[in-house]
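Only one chain comes next, encoded as C-alpha cells, the form predicted on its own.
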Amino acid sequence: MLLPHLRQQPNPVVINVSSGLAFAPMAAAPIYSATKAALHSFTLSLRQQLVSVGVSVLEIVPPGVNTDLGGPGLHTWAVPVDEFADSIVARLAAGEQEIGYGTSEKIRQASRAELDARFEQINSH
C-alpha cells in the first residue's frame, strides 16, 4: 500500500497535475475537462484526508504548455515549457499547495462570474 510507504518518508508529498480546464471546461474537450475536474476534486479531498498523517497533497494546474505532446508543433501558441516549469518549481519551493500559471492561475482564482465569462470566451472559438 502506498500510504504506509509515504508515512515512512521524511517529507511525503503527492503531486497531481490537473488543468485550467478543470475550472473552466472547454466544450470541444468535455471528457478531458471532466477528468481534470474530477482530479481537482479528488486532490482537495485527499489533501484533507492526509493532512493529519503528515502527507502533503499538491496540485499543479497548467495552462496550455508548448510541448510536443500529441505531436511536434501542435502547441506553439501555448506558454514556453521552461517558463512554466521555472515558475512552478519556485512556487513549490515557496510551499504553495495549488499552483497555476498564466491563464490557468487566473481561472483557478476566478469568481463564478469570471468563470462564466471565461467559459463563454473559450467555447466561442
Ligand SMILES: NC(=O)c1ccc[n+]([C@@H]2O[C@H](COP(=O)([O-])OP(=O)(O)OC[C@H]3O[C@@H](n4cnc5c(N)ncnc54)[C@H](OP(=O)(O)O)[C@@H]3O)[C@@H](O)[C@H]2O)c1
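Everything quoted here is computed from the prediction, not taken from an experiment. Start at 1 and count along the sequence shown; that's the residue number.
What comes next is about the form predicted in complex with the ligand, which does not appear here.
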* Residue among 65, 37, 50, 58 with a heavy atom within 4.5 Å of the ligand in the model of the complex -> 65
* **the ligand in the model of the complex: contacting segment from 41 to 49, 65 to 73, 95 to 103, 23 to 31, heavy atom within 4.5 Å** => 65 to 73
* Asked: Should residue 17 be counted as a contact of the ligand in the model of the complex, where contact means heavy atoms within 4.5 Å?
  -> yes
